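Just the one chain here, the form predicted alone, laid out as structure tokens.
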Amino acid sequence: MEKKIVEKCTANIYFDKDVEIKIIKNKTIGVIGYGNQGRAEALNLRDSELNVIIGNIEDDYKKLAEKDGFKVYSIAEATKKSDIIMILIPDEIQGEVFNQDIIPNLRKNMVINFATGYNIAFQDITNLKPPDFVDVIMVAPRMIGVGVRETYLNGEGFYSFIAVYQDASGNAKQILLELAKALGTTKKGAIETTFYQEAVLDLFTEQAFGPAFGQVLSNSIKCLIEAGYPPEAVFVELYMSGELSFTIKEMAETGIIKQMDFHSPTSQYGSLTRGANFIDLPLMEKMQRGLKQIESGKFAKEWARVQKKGMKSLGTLKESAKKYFINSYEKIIRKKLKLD
């Protein structure tokens, strides 16, 4: 069984020892968008002694970039001045900004780095199509911006998915690895995928695993409250204490089964014997259906239609979610626990 699993592990993983920063040393890197992820990546690159400028619209993020000591230009001007540009603006506006401000200012053998594969993976829907004379690569952190910065500073690093979509210069892979190292991800592990694989994995986590986990949590809360247990104790027991997040962290660091050693024998026995009660949950069919909707582009088309209509339905969905019983309870309990 283990041999078969090992044989299926085909992704290349790169670490600091695999990369020497040479090509990008004398390049100008333009970080497009100075939000949470953009700021973290810009600071990491600068601390890696690279030349970084910012491309941003006139807003508070521009002021923050200037306060942090960066030279800030319009997105079009930053593109003109850069050899490598890092696209770190939201997915839903990338197509418009790319076509309007970036494509007209691209030069032969420039490098475009994306932090997510979505717009390239579904480019027939998103209408983001880079010209064939530039390198197109991706460093996609599996970490929020704050974590990208903190793990760089503490030397821990963060995981990322990396990919080359288009190699016009012949150096795209090397430039990709050098950027990955400068950002701090090869300290932990940069895993080679494709743009499409990254996009599908990301969407699957958001649309299948996340909602399934959310339903397990919601039903657990409802079961215990309806059985007469104090809501305050239920919320703290199930997730507000932070024990769950600590356990997940231990799973990541030591392994799903091995982390059980950190729990009491009572906990271990109960989990192992009663876990069988949940083996036959009808999840696989729903997971596979969700995966197919992502892979086929059905979700991307649906999301594109929602964006064209001004995303009103997203607002409606969020308002509906606020009325769900778990949110009403949580607001009261957070106040009683002095968390708000």
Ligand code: NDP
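Note that residue numbering follows the sequence shown and begins at 1. Because the structure is predicted, anything quoted here is derived from the model rather than measured.
Unshown form predicted together with this ligand; subsequent notes refer to it.
This chain appears without its partner; in the predicted bound form, the one residue of 227, 153, 257, 93 with a heavy atom within 4.5 Å of this ligand is 93.
Taking a 4.5 Å heavy atom cutoff to this ligand in the predicted bound form, the contact residue among 280, 285, 59, 49 is 59. Picking from 115 to 123, 249 to 257, 208 to 216, 184 to 192 the stretch near this ligand in the predicted bound form, with a 4.5 Å limit on heavy atoms, gives 115 to 123. In the predicted bound form, this ligand sits beyond 4.5 Å of every heavy atom of residue 180.
Residue contact with this ligand in the predicted bound form: residue 313 places no heavy atom within 4.5 Å of it.
Interface residue remark: residue 157 is not counted as part of the site for this ligand in the predicted bound form, having no heavy atom within 4.5 Å. Put simply, residue 33 is close to this ligand in the predicted bound form: some heavy atom of it is within 4.5 Å. Of the residues in 129 to 153, those that come within 4.5 Å of this ligand in the predicted bound form through at least one heavy atom are, in sequence order, 141, 143, 144, 145.
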